[in-house]
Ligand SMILES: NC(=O)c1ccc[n+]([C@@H]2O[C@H](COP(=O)([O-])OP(=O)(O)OC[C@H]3O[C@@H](n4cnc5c(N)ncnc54)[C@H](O)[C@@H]3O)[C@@H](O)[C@H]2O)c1
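Single chain ahead, by itself, as structure tokens, in the form predicted alone.
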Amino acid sequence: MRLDGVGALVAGGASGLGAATALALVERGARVAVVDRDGERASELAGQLGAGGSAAGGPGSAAPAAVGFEADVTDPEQVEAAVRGAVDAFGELRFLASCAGIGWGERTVGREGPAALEPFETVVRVNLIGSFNVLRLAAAAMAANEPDEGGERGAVVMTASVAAFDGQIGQAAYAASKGGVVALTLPAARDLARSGIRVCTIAPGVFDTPLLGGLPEQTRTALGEQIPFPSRLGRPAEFAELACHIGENEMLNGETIRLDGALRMPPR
């Protein structure tokens, strides 16, 4: 898929991996709908991206380079409205990057007894059910597209984590939710193959995102030193580069790609 000129949607796009992906897409000429629970930040980032002057959204183009929408990925009506808004703004939707997610740490049984059930449910609802909610609604919009010369109507990139494979102590909820995204990838790709829509997932390792932003610098450095090479935290732009490559490489389908510098997480 040529990203230049396509309509794209980035869920969880107002910060971290999502914001980096939105920027990378606009730099390649895509028109991007930034969707986030924080609607103010989504609109602010969309304005900044639009001011950057992509080819698709620049002078002489009827479509903006970027638009922002407020939506909780677990809310069907809000996500449907955001998808519809993206299609209305750009005329079509051909690329989705699903980056929204939350974390939680708690042992299955701790000193005070069993883990609370509600946080587990919340993490699974946002990370797994939210990912499927965005996937199903965006894919439905993509299925209405005219196929390109290769028969493709769209491409989807979901976000898992190395915790899906190497879940650490206290990561039961997070690892289960991200493992579900990994398990979703192949059947979704098979489901959507007849519509010419590809589905892949990126499983990032330890990245320099707002999730780690509150940690002391010494702790952040120590986390980066665990990575064999390069021995540093991953950069959101590196995630974005891979997401864009998945969109551009039509043979990538039904696969989860670890992006982790050969990291294998220890138990703790």
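The first residue of the sequence shown is number 1, and the count goes up from there. Quick caveat: nothing in here was measured; it's all calculated off a predicted structure.
The same protein has a further form, the form predicted in complex with this ligand, not shown here; the description that follows concerns it.
The partner is not drawn, yet in the predicted bound form one stretch among 112 to 120, 192 to 200, 149 to 157, 93 to 101 has residues with heavy atoms inside 4.5 Å of this ligand: 93 to 101. Screening Ala175, Val126, Ala89, Ala141 for any heavy atom within 4.5 Å of this ligand in the predicted bound form leaves a single hit, Val126. In the predicted bound form, none of the heavy atoms of Glu106 sits within 4.5 Å of a heavy atom of this ligand. Taking the partner from the other structure, this ligand in the predicted bound form has a heavy atom within 4.5 Å of a heavy atom of Pro210. Put simply, Asn133 is far from this ligand in the predicted bound form: not one heavy atom of it is within 4.5 Å.
This ligand in the predicted bound form comes within 4.5 Å of no heavy atom belonging to Arg232.
Within 4.5 Å of this ligand in the predicted bound form, a heavy atom is found for none of Thr21, Arg84 and Glu248.
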